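Taking the form predicted on its own, here's one chain by itself in structure tokens.
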């Protein structure tokens, strides 16, 4: 039996989602919880890999549980798993899915949100979920720059360099369908949606847009950055703790049984 899980977590205490050789990954905790209930449950496969300190509200994963071991209503599965998980990880929902459903390869897109607290003093309730930026920001310039990131482009200039060798074999072209910024008092919310993202790409977007708001770049500089296809041409990478994997997008038929 294959199940689709929707998982939320505060990434502050974790070295990302995936199981780590050193450090603790969220995946490890979820697999440990599963194995306490289902001895032969297989590896949890996620829709995405989040980095150290990054959070998730809508991480999607799938797991196979032998029919002979699954003796509860599906609605009880999140409750059972959460009883064995730390408070900073929660399974929000579980559902039976197609036997060939794959959380990663069936995903049509993802939405990330990034939070910036634009004030002279940090909101202590958001210290692990938002990046403090003291300087006043030009929201109009930032929004103009964000619009230039929409569409299908090679986004090498905004991605981390860890996988630079991979980029030579695999296209760095992605399609961004949404990149907007909302302000609610000091809180800025960056919403970025697309068919896929390169390593640290969303954080590269936000860091660069904040620098546009500070006057360090003009909105039109975004065009030159995209054309250069070189990380050195882009702006800074925003800190990890402001980023949340908000939701993963699937077609209507991708998860149905």
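Everything numeric in this text was worked out from a predicted model, so none of it was measured. Positions refer to the first chain, counted from 1.
What comes next is about the form predicted together with a further copy of the same chain, which is not displayed.
Three-residue candidate spot 55, 90 and 129; every residue lies within 4.5 angstroms of a further copy of the same chain in the predicted complex by at least one non-hydrogen atom. Shown without its partner, this chain lists 119, 182, 152, 104 as candidates; in the predicted complex, only 119 has a non-hydrogen atom within 4.5 angstroms of a further copy of the same chain. Residue 17 falls outside the set of residues with a heavy atom inside 4.5 Å of a further copy of the same chain in the predicted complex. Contact annotation for residue 244: at least one heavy atom lies within 4.5 Å of a further copy of the same chain in the predicted complex.
Contact check for residue 73: no non-hydrogen atom falls within 4.5 Å of a further copy of the same chain in the predicted complex. Although the partner is absent here, residue 135 sits far enough away that none of its heavy atoms falls within 4.5 Å of a further copy of the same chain in the predicted complex. In plain terms, the part of the chain that comes close to a further copy of the same chain in the predicted complex, with a heavy atom within 4.5 Å, is 79-87 out of 142-150, 172-180, 79-87, 104-112. Taking a further copy of the same chain as positioned in the predicted complex, none of the residues of 135-155 brings a heavy atom within 4.5 Å of it.
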